[in-house]
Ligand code: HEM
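A single chain comes next, written as structure tokens; it is the form predicted on its own.
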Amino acid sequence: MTPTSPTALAERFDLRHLSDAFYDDPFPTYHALREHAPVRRMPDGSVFLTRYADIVAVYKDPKTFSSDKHEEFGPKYGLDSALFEHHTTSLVFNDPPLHTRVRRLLAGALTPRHIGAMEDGLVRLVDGLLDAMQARAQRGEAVDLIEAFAAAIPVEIIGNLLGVPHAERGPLRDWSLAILGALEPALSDAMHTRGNAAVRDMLIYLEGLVERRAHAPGDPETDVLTRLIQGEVSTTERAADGATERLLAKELLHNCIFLLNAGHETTTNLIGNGLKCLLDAPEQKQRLLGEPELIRSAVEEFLRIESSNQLGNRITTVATAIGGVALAPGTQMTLCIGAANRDPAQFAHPDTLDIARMPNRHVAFGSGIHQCVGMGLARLEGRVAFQRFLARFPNYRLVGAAVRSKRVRFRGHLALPCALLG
């Protein structure tokens, strides 16, 4: 058995100690784990899941597999830290009833009708970015497609949803990267410090924004922050008299942070990853240029083959088993979305980009009660971004190294320097 054999890859895999080569291309390791250790016990006692069927089963059973992260995040961040308060209050790391209350409020402002109404503004935003990029290209400049395009779109869209004034959006991306970076399995002191500082700074900013919005509300049909502040008439047993159910002040602020972060990072990665996928598979790019009606299935395939969010987490509430492996109550679990979306038991030729792939039941947005509340908006952003970009720059090409972010949870690029050619 050689050191690079699939069996060796599976046996030595430790989520807290990863090589640079893994960050560049984790998929050989994920294939090895699916084949030889699909329920891999980590040195810390947690388990790492890689099979599609196992991961969907966990998503579909929120009572047995909880999303609550207090037990994990206490030792990781410290009980009195800003990061602990944030991540244990936000929508994604909670179970009902908090999860249900927050999700209902957000979902009411992200219905298909509301998302459809955003399309014209999104097209104007994308075309404005393309105009600026074209002006630079005409001067002979290379353009970083992450900074100038992929990262610029979601910051503006989520900023619009929360009504963040344009002049105040500058720090949002850096705050988001710092907070989400602290979710990595291996956390350095510097990452910990940056993440805590970003939460504190963001809370200070949002407290002022909420105060301003409370005095001058927007339309709760389109302004998510106004909707979260005002609450809604509850139909739950907790407020059976029809009283308005509102979030606590802490819940409101931390879920605004969650919305900004979740809507920014994953969509940035979707757009950047998709543009890089087309460079790596030029025949697929040519097909999409010739058959633009495939844009919807192309977006789904980018989400599958290079999932923006690669990892999810759960914790067992009772004794149970996954894939024939017994798990005690309190077992922490990592769900490898990136591995599930390349499982050959679910997807034919899973490592091949196929922009017309049907069916494509990927789990890039999760599944079950925690399925991404903003997935409709992310799909719209991706569709408009790819359509408008390819129509303007069908022959774009790399002119420098595509720089991957060295993160395992969120897979994307820090830089895609390109020449923009019509």
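Each residue number is its position in the shown sequence, starting from 1. All of these numbers come straight from a predicted model, not from anything done at the bench.
In what follows, reference is made to the form predicted together with the named molecule, a form of this protein that is not presented.
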query: Region of this chain that lies against the named molecule in the model of the complex, out of 41-49, 22-30, 369-377, 389-397 [heavy atom, 4.5 Å]; finding: 369-377
query: All of R103, L110 and L270 within 4.5 Å of the named molecule in the model of the complex, heavy atom check; finding: yes
query: Partner proximity in the model of the complex: G263 to the named molecule, non-hydrogen atom cutoff 4.5 Å; finding: yes
query: R314: touches the named molecule in the model of the complex, heavy atom cutoff 4.5 angstroms; finding: yes
query: Interface membership of H99, the named molecule in the model of the complex, 4.5 Å heavy atom rule; finding: yes
query: Close approach of V92 to the named molecule in the model of the complex, 4.5 Å, heavy atom; finding: yes
query: Heavy atom within 4.5 Å of the named molecule in the model of the complex - the one residue of F258, Y205, W175, F73 that qualifies; finding: F258
query: Single option in A198, L161, L278, I146 placed near the named molecule in the model of the complex, where near means a heavy atom within 4.5 Å; finding: L161
query: Contacts with the named molecule in the model of the complex - residues in 282-314 whose heavy atoms fall within 4.5 Å; finding: L303, S308, N309, R314
